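One chain comes next, on its own, written as structure tokens: the form predicted alone.
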Amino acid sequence: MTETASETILQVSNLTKIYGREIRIGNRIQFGQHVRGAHEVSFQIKRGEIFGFLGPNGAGKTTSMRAILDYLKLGKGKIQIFGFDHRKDRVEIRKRIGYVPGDMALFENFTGEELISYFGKFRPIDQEFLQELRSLFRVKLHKKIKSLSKGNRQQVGLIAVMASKPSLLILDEPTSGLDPLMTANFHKILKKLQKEGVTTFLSSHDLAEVQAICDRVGIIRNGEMILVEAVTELKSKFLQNMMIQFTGENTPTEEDFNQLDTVISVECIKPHTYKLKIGKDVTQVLKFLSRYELKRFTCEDADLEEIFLQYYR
């Protein structure tokens, strides 16, 4: 199957997973319980995208990722990868997927070199790219994995998985344990692979990381997908920060600002100076400000962390 730039690599439709079951006797006595891992989760990822998957612990991120990988049986829903059914065609799919879990278990008596060689028996290694990975990561691959720190083990796992340049990378907290330099190098690698058409599905708690490298983001809460949006659009549409400094004594109060529908919060940080968080419509605020003399005015998009917190408060 030939991949094109507009091709949908991963299509998730109504993914639902319930853990446990309830047993009722009559109308009163009940045993067990339902725990909802994911409910009607739907999204798609195009070829060459870096897609960020966000949500706090217990929101359904790991359940969704494990279902996509066919490690969990779906309650209902449909998942297609490269146009194949994720269950019926799992062997063909796994030839082209690289997966790094958040708690990646490695053969501790192997050296890093031995692990990479072992992975190479299942999928051909791109030797030129492997040398690039060796130069960007600084882990000592001749040492046994059991002697390495968590961060160095993570580097070994990333090298072993990425050396074959899989068409789709599924990464669950991949930079956990990495220092800032190694994280930056890892981001460079993902961007390089993106230019070559590799697709990345990235779950991360690091919102700065998602903002820096992801094209689109999906936010999951209580097992439900509540938003899928381009990062640039999300920042510009949902929350903006304003800093306003007035001239003279004719200055509005915090109460005046709070009367505006688009104002989310307002803070007087010093006399005649206010900091506002506003929704996507700035027109109402600009009309309001036209009544006053301004000394200084700035408006900028909120960062992803601020937007994310708005959805979880």
Partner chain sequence: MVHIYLKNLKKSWLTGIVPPVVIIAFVGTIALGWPSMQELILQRLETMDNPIMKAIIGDLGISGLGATWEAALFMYAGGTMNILLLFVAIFIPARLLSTEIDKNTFDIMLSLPIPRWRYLLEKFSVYLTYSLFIPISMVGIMLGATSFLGESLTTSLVLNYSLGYFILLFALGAISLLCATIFLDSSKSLAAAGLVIGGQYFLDSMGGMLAAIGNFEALSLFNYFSLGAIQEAGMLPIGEIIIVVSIGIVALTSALLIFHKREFAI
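Computed from a prediction, not measured in an experiment: that's the story for all the values here. Positions refer to the first chain, counted from 1.
What follows is about the form predicted in complex with its partner chain, which we do not show.
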None of V161, L239, I189, M225 but one has a heavy atom within 4.5 Å of its partner chain in the predicted bound form; the exception is V161
Please tell me which of H205, K143, R123, R138 lies within 4.5 Å of its partner chain in the predicted bound form, judged by heavy atoms.
R123
Any non-hydrogen atom of V91 within 4.5 angstroms of its partner chain in the predicted bound form
yes
My question is simply whether D70 lines the interface with its partner chain in the predicted bound form - judged by any non-hydrogen atom within 4.5 Å.
yes
How about L181: is it within 4.5 Å of its partner chain in the predicted bound form, going by heavy atoms?
no
4.5 Å heavy atom contact, K95 and its partner chain in the predicted bound form
yes
Heavy atoms within 4.5 Å of its partner chain in the predicted bound form: which stretch among 191-199, 70-78, 213-221, 173-181?
70-78
Is its partner chain close enough to G58, K61 and A230 in the predicted bound form that each of the three has a heavy atom within 4.5 Å of it?
no
Contact set, 98-112 vs its partner chain in the predicted bound form - heavy atom within 4.5 angstroms:
Y99, P101, D103, M104, A105, L106, F107, F110
